[in-house]
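Presented below, as structure tokens, is a lone chain in the form predicted on its own.
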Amino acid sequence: MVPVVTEIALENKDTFIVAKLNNDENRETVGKFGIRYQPIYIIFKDGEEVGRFGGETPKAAFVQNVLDAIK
């Protein structure tokens, strides 16, 4: 999924930002957001969580999930 997410980030860089978090190095953040499985994608708008989804997600569905959450 990493190559696809990287591709999505590059193709949508003017619309949204994709960031990666190392769970092993950021245990406090993992706990704060209740992350229990990977991959998990948490969508933020103006610093607030507005959505989340997880698992292997087709490229078009990934982008649509983000766009739906940030509108």
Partner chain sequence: MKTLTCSLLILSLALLASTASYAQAETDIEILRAADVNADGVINVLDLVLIASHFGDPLVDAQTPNPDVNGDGSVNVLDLVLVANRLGETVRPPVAFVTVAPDIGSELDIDGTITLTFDNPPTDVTVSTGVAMTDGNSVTITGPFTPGDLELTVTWGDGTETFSYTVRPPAAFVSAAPENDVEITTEDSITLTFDNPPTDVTVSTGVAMTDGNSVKITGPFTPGALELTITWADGTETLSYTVIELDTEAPSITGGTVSDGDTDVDASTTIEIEFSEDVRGLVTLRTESDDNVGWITTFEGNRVMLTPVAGKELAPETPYVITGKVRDAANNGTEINITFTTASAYDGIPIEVTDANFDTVVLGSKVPIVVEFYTDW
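Numbering follows the first chain given and starts at 1. Worth saying up front: this structure is predicted, and the values here are computed from it rather than measured.
If you look for the form predicted in complex with its partner chain, you will not find it shown, but the lines that follow are about it.
Student: If we define contact as a non-hydrogen atom of the residue within 4.5 angstroms of the partner, is residue 58 a contact of its partner chain in the model of the complex?
Tutor: Output for residue 58 is no: heavy atoms all beyond 4.5 Å of its partner chain.
Student: Applying a 4.5 Å heavy atom distance criterion, does residue 64 contact its partner chain in the model of the complex?
Tutor: Heavy-atom contact with its partner chain at 4.5 Å: absent for residue 64.
Student: Under the 4.5 Å heavy atom criterion, name the residues of 46-71 that approach its partner chain in the model of the complex, in sequence order.
Tutor: Heavy-atom contacts within 4.5 Å come from 46, 47, 62, 66, 70.
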